[in-house]
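Here's a solo chain for you in structure tokens, the form predicted alone.
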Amino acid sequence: MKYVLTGVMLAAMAFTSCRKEKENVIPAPLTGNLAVNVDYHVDGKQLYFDSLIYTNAAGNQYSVTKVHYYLSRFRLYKEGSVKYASDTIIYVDAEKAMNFSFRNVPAMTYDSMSFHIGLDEAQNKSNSLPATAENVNMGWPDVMGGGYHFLKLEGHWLDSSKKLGYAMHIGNNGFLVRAGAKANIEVNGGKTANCKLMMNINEWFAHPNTYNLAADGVYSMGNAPLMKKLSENGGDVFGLE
């Protein structure tokens, strides 16, 4: 009888130990990928480069010949809490198709996304990015504070009947654009979700500051009041689909 009891006790102990081991195992969180496509419009109209067919909030008729910028510090939120963060820096030339992706994103439904247009103080240091032609061309002169351009938006506009140029450039740490958009992004484990960032070019000239090329000026680089206007307007230039 003694040996039988001992056997039963050992079996019970082994079962209890095994159960505790199973209880202590924390399952790996399910993750998926998020693919992002970037596209453009002008108040709902398709963006055609070098076409003098658009009108901004101030009534300026204008075209777009260049849109170059950086995206950085992506954050995904659910109910006000950051659930995923990426510090990847992405250079974008609007004339070229742009797709990028984030890997190992926790599986859940996200309700908003935030990011910077430009680089924050920790990132915005001269020669800190790889010396590609794109990054070199985005350099901000050291005599003006150094670092990189956050945005180059260029084109032409009509002043009466005269076709003139404009160059909306933003740089310097005080003028970082903090942008974001509401979202409904469902990421499932082991799968790739897709979303599209849509930039409305007209928003750079519209909210909260109406930017008038005729009255405010056509070159913003180094002009703090103009860069401030543009950086404030940049907060809602993107929508998310």
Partner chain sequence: MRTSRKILHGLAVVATCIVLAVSCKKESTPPTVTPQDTTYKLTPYEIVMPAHFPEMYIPEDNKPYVERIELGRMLYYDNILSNDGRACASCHFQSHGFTIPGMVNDMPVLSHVNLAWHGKFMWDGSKSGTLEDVMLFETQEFFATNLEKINSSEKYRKLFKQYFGVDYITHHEIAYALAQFTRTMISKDSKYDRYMKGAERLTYNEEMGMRIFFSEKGDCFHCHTAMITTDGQMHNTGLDSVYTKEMDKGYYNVTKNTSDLGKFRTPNLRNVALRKFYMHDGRFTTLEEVVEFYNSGVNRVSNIDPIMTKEGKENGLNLNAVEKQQLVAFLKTLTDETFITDTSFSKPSF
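Positions refer to the first chain, counted from 1. Since the model is a prediction, treat every value here as computed from it, not as a measurement.
Although it is not shown, the form predicted together with its partner chain is what the next lines describe.
4.5 angstroms heavy atom contact with its partner chain in the predicted bound form for residue 163 = Yes, residue 163 lies within 4.5 Å of its partner chain in the predicted bound form.
So in the predicted bound form, does any heavy atom of residue 225 sit within 4.5 Å of its partner chain?
-> Heavy-atom contact with its partner chain at 4.5 Å: absent for residue 225.
Just to confirm, residue 132 within 4.5 Å of its partner chain in the predicted bound form by heavy atoms?
-> Because a heavy atom of residue 132 falls inside 4.5 Å of its partner chain in the predicted bound form, the answer is yes.
Using heavy atoms and a 4.5 Å limit, would one call residue 65 a contact residue for its partner chain in the predicted bound form?
-> So residue 65 counts as contacting its partner chain.
Answer range among 98-106, 111-119, 72-80, 138-146 for contact with its partner chain, defined in the predicted bound form as heavy atoms within 4.5 Å = Partner-contacting stretch among the options: 138-146.
Contact set, 185-221 vs its partner chain in the predicted bound form - heavy atom within 4.5 angstroms | Read in sequence order, the residues that approach its partner chain (within 4.5 Å, in the predicted bound form) are 217, 218, 219, 221.
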